[in-house]
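In structure tokens, the next block holds one chain alone, the form predicted alone.
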């Protein structure tokens, strides 16, 4: 009973933050009524400081507004805001081969070429969420088309835009496969199909058989094509705790739907290992990047504490607790929740800071930028509320 009351109290806080702080901030400040789409670059109090429209961020917002519309909190305006982004992006966003550009200017003219497959990834997610919300065929077709582009490029993601020369080792990257797993799950759920079941399973097997190294108890970000690790390079030793934890809750969500206990058990073990490895024992919170051997990291921001990393860690701990009933994951949730909520929310202007130093102090006051938008945080608040209120959690 005590756990149930604690989770209900936390769920109420997550719900309140979603509906009274985060959603209103983006509704008020991010909608470009003149040119279409959304403003991504927002200051602490919501002023626009750049007009570039990043395709990842734009499509993520289409997805999030459509998902909220289809949720228990349904508001008609959220469907309108999702359609608003969709129309702008499908009208202006594709190159001659049907791939989505990386970014557009405010009017919708291309700024950066379609070198990155995550543009197609998030287009598929956004369109699929709109189909679930409306049942309109055009959204289904767009979701399936964008997914086909993503799958066709996943093994050679940059294609003609690849800058690497023969001397650079060829790698597989975790993000491409973790997103394949999530994309397949989202499309199956939103489109009411099992069309992408094999893609989810392929992605799950790749993540756990190639990127997870049981000898070192680490989930690597980059591995050689045969799944071996390169411990002689910064790239090969690179660990991204947030990515790993996000990947694991994707797999736990899939395991819950399929009843795959073996997959769930392995994912829970990886969650535990990543939380223990990634936690800062001095100042708390999760490191952004880490080195598998504890050597200097090439990225100078390695010890920063980022909003999305903690959002994904919270969800991973809740999914792992749901799957295992292991109180250790509930303890991790409470530790993450306490650390995160003391430092990221902005009580004066709403929404959350994105970037903290190792001590947990904001280094930037922006609320939206090239890598932050209306996505990780509202998804965490929405899914976290549901998990804590679900019958499995009590």
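Because the structure is a prediction, the values reported are computed rather than measured. Positions refer to the first chain, counted from 1.
Here the subject shifts to the form predicted together with another copy of the chain, a form of this protein not shown in this document.
- For the three marked residues, 41, 232 and 288, a heavy atom of each sits within 4.5 Å of another copy of the chain in the predicted complex.
- A residue is said to contact a partner when one of its heavy atoms sits within 4.5 Å of a partner heavy atom; residue 170 fails this definition for another copy of the chain in the predicted complex, lying far away.
- Looking at residue 101, you'd find a heavy atom of it within 4.5 angstroms of another copy of the chain in the predicted complex.
- Shown alone here, residue 166 lies within 4.5 Å of another copy of the chain in the predicted complex, counting heavy atoms only.
- Contact annotation: residue 341 falls outside 4.5 Å of another copy of the chain in the predicted complex, judged by heavy atom distances.
- The chain is drawn here without another copy of the chain; in the predicted complex, the stretch among 356-364, 56-64, 321-329, 341-349 whose residues come within 4.5 Å of it by any heavy atom is 356-364.
- Scanning 282, 198, 225, 295 against another copy of the chain in the predicted complex with a 4.5 Å heavy atom cut-off leaves one residue, 295.
- Taking a 4.5 Å heavy atom cutoff to another copy of the chain in the predicted complex, the contact residue among 72, 162, 76, 194 is 162.
- Residues 288, 295, 296, 297, 298, 299, 300, 301, 302, 303, 304, 306 of 277-315 are found to place at least one heavy atom within 4.5 Å of another copy of the chain in the predicted complex.
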